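Presented below, as structure tokens, is a lone chain in the form predicted on its own.
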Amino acid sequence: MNNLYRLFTQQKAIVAIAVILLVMVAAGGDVSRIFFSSYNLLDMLNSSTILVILGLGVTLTVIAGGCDLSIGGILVVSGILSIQLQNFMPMPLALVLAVLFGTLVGFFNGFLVVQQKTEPFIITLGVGLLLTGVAQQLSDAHPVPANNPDFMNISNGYQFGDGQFTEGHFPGIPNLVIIMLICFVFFAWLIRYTSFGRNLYAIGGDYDVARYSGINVVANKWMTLVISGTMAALGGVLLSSKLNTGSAIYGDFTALVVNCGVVVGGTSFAGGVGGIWQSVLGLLLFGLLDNAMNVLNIPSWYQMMLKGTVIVAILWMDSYTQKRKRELV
């Protein structure tokens, strides 16, 4: 029983994914065949890439004992800027400036949260709401279409294939999946094989002990928010490219879903626990859940109710797990 408890609390994503797969197998017939088709599985992976890219940056903030709820606002503003700036400059420069916008917002978040020692949940939530208002102003509360085919191909193109799904034909690998894998490898290396990554675990485990140990806690924790803002901006650019449109409504639930996906993978809000692959697994769970509900033709309002239930259960389980650990010490 204790082993089952540890499995569920430490590897919640694995257990949840196994349950979803069993449900789809039990559904049988056409539903099961559609779900496990190569087209659907690749499309599901491709659809989760944006959340995973955002989650990589958020993971660093959570390991260091913080959070970043501004990523939804950064995502929509950067996506809109990446399209609008192309009217005044070459596309590569426009994309770089859009990503740098997220870096600047992350730097600002770090100044308020780390340097001024304010509550990260409240500050980043407020910044996210502020940026959502900015996005509405920039777009006049209307979708902003992109007119550059090269921009659309960034997220919709395929490598090693033509993107055509036919029986016995390999369609290739989506560009988004390749970008996600490159980011994943980099962050996995950063968190495991660098002093910066090791310092984040120390800071999240005990901030004061890390400071007295000689770790520059301010610079390291500040940097997590800078990186998170940069990755959120990159995700915004890629999302606008994928949809060929920028809009202020794209990031409404993004911050909540990403932070909860990171936690369900095993990276605790308490800090000092977790990792990159765990967060990726947790975020893929949400993509799998969305896909499974769509294949089963579950109405959208029931989908929202189920997602809300999952998020509440995740946060409760994380809190309960930390309480049990404190009681056992």
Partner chain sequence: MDTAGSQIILSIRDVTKSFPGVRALNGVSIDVRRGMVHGVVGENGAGKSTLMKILSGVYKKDTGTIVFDGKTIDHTTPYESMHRGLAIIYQELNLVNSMSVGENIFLGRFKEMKGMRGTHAKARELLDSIGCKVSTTKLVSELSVSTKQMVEISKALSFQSKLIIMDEPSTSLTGEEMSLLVKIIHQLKAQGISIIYISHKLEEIFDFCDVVTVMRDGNVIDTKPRGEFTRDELITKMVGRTIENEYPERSRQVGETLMEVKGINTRKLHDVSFTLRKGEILGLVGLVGAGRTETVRAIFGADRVRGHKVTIGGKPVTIHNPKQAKDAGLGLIPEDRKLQGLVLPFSVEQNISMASIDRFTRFGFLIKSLEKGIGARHVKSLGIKTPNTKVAIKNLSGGNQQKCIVGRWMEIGPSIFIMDEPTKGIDVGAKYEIYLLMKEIAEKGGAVILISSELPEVLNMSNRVLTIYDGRITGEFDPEHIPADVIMRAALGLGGAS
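Note that the structure is predicted; figures quoted are calculated from it, not measured. Numbering follows the first chain given and starts at 1.
Just so you know, the form predicted in complex with the partner chain exists too; it's not on screen, but the next bit is about it.
Residue Trp189 is the only one of Phe253, Phe107, Trp189, Phe121 with a heavy atom lying within 4.5 Å of the partner chain in the predicted bound form. The listed set Phe151, Trp222, Tyr201, Phe184 contains one residue whose heavy atoms approach the partner chain in the predicted bound form to within 4.5 Å, identified as Tyr201. Contact here is defined as any heavy atom lying within 4.5 Å of the partner chain in the predicted bound form, and by that definition each of Val209, Ile215 and Val273 is a contact residue.
At the 4.5 Å threshold, heavy atoms of Asn147 stay clear of the partner chain in the predicted bound form, well away from it.
Contact check for Gly205: a non-hydrogen atom falls within 4.5 Å of the partner chain in the predicted bound form. Though the partner is left out of this view, Ser195 does reach within 4.5 Å of the partner chain in the predicted bound form, counting heavy atoms only. The chain is drawn here without the partner chain; in the predicted bound form, the stretch among 45 to 53, 288 to 296, 265 to 273, 66 to 74 whose residues come within 4.5 Å of it by any heavy atom is 265 to 273.
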